[in-house]
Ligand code: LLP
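As a starting point, one isolated chain is supplied in structure tokens, in the form predicted on its own.
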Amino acid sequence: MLSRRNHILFIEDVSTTYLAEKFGTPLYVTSKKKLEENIEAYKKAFSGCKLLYAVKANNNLAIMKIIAKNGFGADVFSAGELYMALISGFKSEDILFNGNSKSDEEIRIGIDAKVKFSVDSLDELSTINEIAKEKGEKVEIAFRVNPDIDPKTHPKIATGLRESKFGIQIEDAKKAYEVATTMDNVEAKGIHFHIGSQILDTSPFVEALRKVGKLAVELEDIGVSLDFIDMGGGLGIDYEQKGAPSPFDLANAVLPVFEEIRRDLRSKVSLWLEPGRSIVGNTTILLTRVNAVKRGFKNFVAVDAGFNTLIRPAMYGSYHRVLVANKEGEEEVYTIVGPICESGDILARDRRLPRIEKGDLIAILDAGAYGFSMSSQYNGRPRCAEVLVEGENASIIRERETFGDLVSRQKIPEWLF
């Protein structure tokens, strides 16, 4: 995806300096080739399984359309994500509406769209049943089960621990399914679990799947016939070039366990997965221009992208590789900082990079997951543009916002004048 030609960084066959000049900075740039490679890897590794793309990772419509055309379903976490999934081409029957705090209005929208629900609580179960009854519908559901597994990742993205806000404790799950069997307008068809994100060890997936497999056997004993077990997403990527498991590594770890589970069940259950980061994370770079270099206790490089553009380093202490896109040469140690009025607006600390000057172009790598989708207009900064590259071609897939976008939905009451 990335190469150097006459010291200039290229993404596919397009110069990053050309992209920055044509489209401005900050700028997210995605490689279609890399995206399709990641999609194909999952399709080969998990042939026969249902793959749902986790829309929260990257909700750009062009990127989602490519994924949908490759036969993926979608995991959505809000009515907004459901809307974007549908207009991107995902089929409603292949969409799972996840989330721990769905509003009544979101539930109505989901039922009207005829999607499946991952139910997070008994309160939500009752609400779905009541609304479905009003509409004369029967809704297929799974319960999100919390298996109490340590995914060995950052605490803020560990979602399957006992103290997590997500899901029903696994020891309480059987009772929840029993309640569902008494309701006329819901039908329990699956079990859903998700243990975390950026997981670099396949063993927690195996441990969680074994726990859920035992639950599946118990559910058959009370008359619940399952169609699927959804093990969520969470596979990590190689941000630090220290190695990361591939989809094939994950498949080799979990598919034998899943086959053992299937042998213990009477129902013909299938395995579902929800990859997000590992589909889009390493497809994209963030280009940002150097506004100033300040030398002192540290050599600070101030760029035009901050945590308003890429929040992961500030929120999680995340590491992203950084390159000087427009040159190579003798190196110094720099800390890359953004323009936001917060001390925590640091994108990369103490990196050895070619000597940097005002006007240079910095590339932040592996920015395709939870990049633009978590960006904001903080400090009155319009959100940046996104570009898709294929070979020598580059096309805008999201326009850069203007100052007008900052205030377009605001109103000043007449009585203030």
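Sequential numbering from 1, following the sequence displayed. The model shown is predicted, which means the values in this text are computed figures rather than measured ones.
Beyond the structure shown, there is the form predicted in complex with this ligand, which is absent from this document and is the topic of what follows.
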| property | result |
| --- | --- |
| 4.5 Å heavy atom contact, L361 to this ligand in the model of the complex | no |
| Residue contact check: A325 to this ligand in the model of the complex, 4.5 Å heavy atom | no |
| Proximity of N146 to this ligand in the model of the complex, heavy atoms at 4.5 Å | no |
| Contact label in the model of the complex: K116 to this ligand, heavy atom within 4.5 Å | no |
| Contact residue in the model of the complex, chosen from G338, G167, G233, G110 - any heavy atom within 4.5 Å of this ligand | G233 |
| One residue of K32, R351, K56, K50 in contact with this ligand, assessed in the model of the complex (non-hydrogen atom, 4.5 angstroms) | K56 |
| Whether F77, H194 and Y316 all lie within 4.5 angstroms of this ligand in the model of the complex by heavy atom | yes |
| Which of 216 to 224, 325 to 333, 173 to 181, 195 to 203 lines the interface with this ligand in the model of the complex (heavy atom within 4.5 Å) | 195 to 203 |
| Partner contacts for 365 to 388, taking this ligand in the model of the complex and a 4.5 Å heavy atom cut-off | Y370, M374 |
